[in-house]
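Take a look at this single chain, the form predicted on its own, given in structure tokens.
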């Protein structure tokens, strides 16, 4: 695995108004990895992803992407640099077609010229989206909508794809299929950072993982080894 640090989050504190959500959070993502962030609801996972993506900004500490400080950059500039966030809740445009939703993902200047190439790539990964390309997004099943939002994230031609709660509300079969696609995306050269409620599945699919509790990173390391930690097994696996 390449040892190049793609994303480096260093000692960040993040607030919602006067309420502190993250305390002294640090993590690294290396080029070519699938890194997971695990934690209970309300632990600060989504806030961390939004901060990396430029939707929020740290009060202290900094975030570097490809060696450049992005702590104060806005979300548009961060997407243009190569970070794409697939949000929890999908956020599709229900009255627009599948193809229209996908094309919205290629709005930044670096992705626009590659939109046709990226669209073909998305349709190769998710053939059902090609079949449904003229359907309204609201008519898709939950699994198909999740495919669409991942596809839209890929349309920006990211170096780092961040996915928040991919498996929420989906059947185990669909979740397995989506993880298979994530590995194909990774093999194609896109690094992945994943927040996921399905901790057991995620730790068995990821290279490394971080565990966040009440806004602090409390554990990190090889994902499979974390599965054997007593604290993880007690907290997430009920054993």
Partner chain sequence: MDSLADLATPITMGILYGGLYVVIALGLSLVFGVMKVINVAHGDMVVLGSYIAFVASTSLGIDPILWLVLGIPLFFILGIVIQRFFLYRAFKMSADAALIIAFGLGLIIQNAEQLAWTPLSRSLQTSYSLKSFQIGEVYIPLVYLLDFIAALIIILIIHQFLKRTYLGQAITAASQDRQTAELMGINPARVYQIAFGISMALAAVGGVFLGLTFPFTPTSGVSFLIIAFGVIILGGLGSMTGTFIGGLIFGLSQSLGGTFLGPTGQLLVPFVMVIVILTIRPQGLFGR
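Positions refer to the first chain, counted from 1. What you are looking at is a predicted structure, and each value in this text was computed from that prediction instead of being measured.
One more form of this protein, predicted in complex with its partner chain, exists but is not displayed; see below.
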| property | result |
| --- | --- |
| Proximity of residue 112 to its partner chain in the predicted bound form, heavy atoms at 4.5 Å | yes |
| Non-hydrogen atom contact residue 55 with its partner chain in the predicted bound form at 4.5 angstroms | yes |
| Exercise: residue 140 in contact with its partner chain in the predicted bound form, heavy atom 4.5 Å | no |
| Contact of residue 131 with its partner chain in the predicted bound form (heavy atom, 4.5 Å) | no |
| Option touching its partner chain, based on a heavy atom within 4.5 Å in the predicted bound form, out of 85, 122, 166, 147 | 85 |
| Complete contact of 76, 94 and 106 with its partner chain in the predicted bound form (any heavy atom, 4.5 Å) | yes |
| Stretch in contact in the predicted bound form with its partner chain, which is absent here, among 27 to 35, 61 to 69, 203 to 211, 47 to 55 (heavy atoms within 4.5 Å) | 47 to 55 |
